[in-house]
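Below, in structure tokens: the form predicted alone, a single chain.
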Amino acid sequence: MELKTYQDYNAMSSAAADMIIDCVRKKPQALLCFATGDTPRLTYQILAENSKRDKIDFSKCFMIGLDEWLGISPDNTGTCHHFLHTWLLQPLSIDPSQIHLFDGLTPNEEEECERMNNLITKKGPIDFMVVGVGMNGHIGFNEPGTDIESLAHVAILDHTTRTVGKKYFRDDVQINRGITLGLKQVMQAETLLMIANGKKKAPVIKQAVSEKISNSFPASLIQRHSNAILMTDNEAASELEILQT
């Protein structure tokens, strides 16, 4: 794992966008996986702006979503589907044939997981994966205690995830379950980019990189990944000894 810290959120987001662009330049047919949430939003905005400016060709790549809330329409502004289309896929003018996102309204959850697993098997491995990190250390909806050998699966959401997740929704919705890629797929990504910003993430980042590796805190598995980059702003890295010496 490589740790990269930046002065602020803007600088971190710009560097993350540059890494994604570099991946596509090197491998135009790359399989890319994207997380959602407050942290990657600016990364995607900068990615879209810089890609248009520099005429980066995304026409041969394929994009998948990391996770989705179950039981909620994709038209709801709080869904991962809506987020990715708003901040990434539409700004980049990605053709629908290049996209596969989890269906949060699927009538058959097992089949939905298998569709994603089969797609990754066919097109993979994932060349570049962007993830955030939850306050409980989750990656996607891989909550504490998730099997490290897991593939795409349905997750019962932790209380912390449900509480924090409510901020994305305007209405009072039930967000008790999610569908997500598994930890095995996260760890098999050729490049894993984890991004975190803000003072509130400082204890999370400290535990992820400085304490025991365990699926009880999934983000700690980044220490074991062969090609992982952890990008933070100075606030998120403020409890790490490397910045205190």
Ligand code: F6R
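Everything numeric in this text was worked out from a predicted model, so none of it was measured. So that there is no doubt, residue numbering starts at 1 and follows the sequence shown.
The same protein has a further form, the form predicted in complex with this ligand, not shown here; the description that follows concerns it.
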Notebook entry, point to check: With the partner absent here, would Asp38, Gly134 and Lys201 each sit within 4.5 Å of this ligand in the model of the complex, counting heavy atoms only?
Noted result: yes
Next item on the list: Spell out, yes or no, whether the shortest heavy atom distance between Ile139 and this ligand in the model of the complex is within 4.5 Å.
Entry: yes
Notebook entry, point to check: Given that the partner is absent here, does Cys80 sit within 4.5 Å of this ligand in the model of the complex, heavy atoms only?
Noted result: yes
Item checked: this ligand contact in the model of the complex: Tyr168, any heavy atom under 4.5 Å -> yes
Next item on the list: Determine whether any heavy atom of Leu192 comes within 4.5 Å of a heavy atom of this ligand in the model of the complex, and answer yes or no.
Entry: no
Check: Residues in which of 208 to 216, 183 to 191, 46 to 54, 59 to 67 have heavy atoms within 4.5 Å of this ligand in the model of the complex?
Finding: 59 to 67
